[in-house]
Ligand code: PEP
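Shown below, as structure tokens, is a lone chain in the form predicted on its own; questions about how it binds or moves come after it.
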């Protein structure tokens, strides 16, 4: 099971103190069936990397530019730069970035660049509420996945994170039956259309310590992408614990 903490635009040096409890928890836990991945903002990546040495926490980034090394892109970070400071995972395709202009073509290039630099991908995809009401969910998801994976090799380095846009930050989560059907649809398409033997599909969208009991009942989910609830160590640890109770 993957538990990915996406801090988004949150955190400073003092915020890193909250990681102490998570580091301690990861070391004391006898359960070896989970991976903890933290994706702090760019400003904390280097300090974060130093702090999590000798722990079971893995470092991730929240995005990258599609150019793999360097170039005239003010304010951007390349996958090569991320790799050099200890990053192992990168989130690509998050709806919050799509909403500000990131295209399927951009996402495809970012995935290729990141894989070339030996990063693992957390690829996000999901439908809007309008698309859901029109019963277009499956069509939208397969379109996003197909365009993102066009010409991509080493697809086994990708974690697929289903994040319905209408659920992110709203407190709403899909009905268990709907979510189970959607995850199953995605896994079947990844196996049949893209020849992935064991695709890993995560869920993200308002995951917290209160609804994790309901979400964990959907056995085909391989982990969770967690936003606001990951910013406090107690909440994050509770989510992990309750998943295995």
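Positions refer to the first chain, counted from 1. No experiment lies behind these values; they were computed from the predicted model shown.
There is another form of the same protein, the form predicted in complex with phosphoenolpyruvate (PEP); it is not shown, and what comes next is about it.
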Run the contact test on 169, 204 and 226 with a 4.5 Å heavy atom cut-off to phosphoenolpyruvate (PEP) in the predicted bound form and return yes or no.
yes
Although the partner isn't part of this model, could you tell me whether residue 242 comes within 4.5 Å of phosphoenolpyruvate (PEP) in the predicted bound form, counting any heavy atom of the residue?
no
Give a yes/no on whether residue 94 approaches phosphoenolpyruvate (PEP) to within 4.5 Å in the predicted bound form, heavy atoms considered.
yes
Phosphoenolpyruvate (PEP) contact at residue 127 in the predicted bound form, heavy atom, 4.5 Å
no
Using a 4.5 Å heavy atom cut-off, which stretch among 137 to 145, 109 to 117, 160 to 168, 78 to 86 contacts phosphoenolpyruvate (PEP) in the predicted bound form?
160 to 168
Applying a 4.5 angstroms cut-off on non-hydrogen atoms, the residues of 1 to 38 near phosphoenolpyruvate (PEP) in the predicted bound form are 6, 8
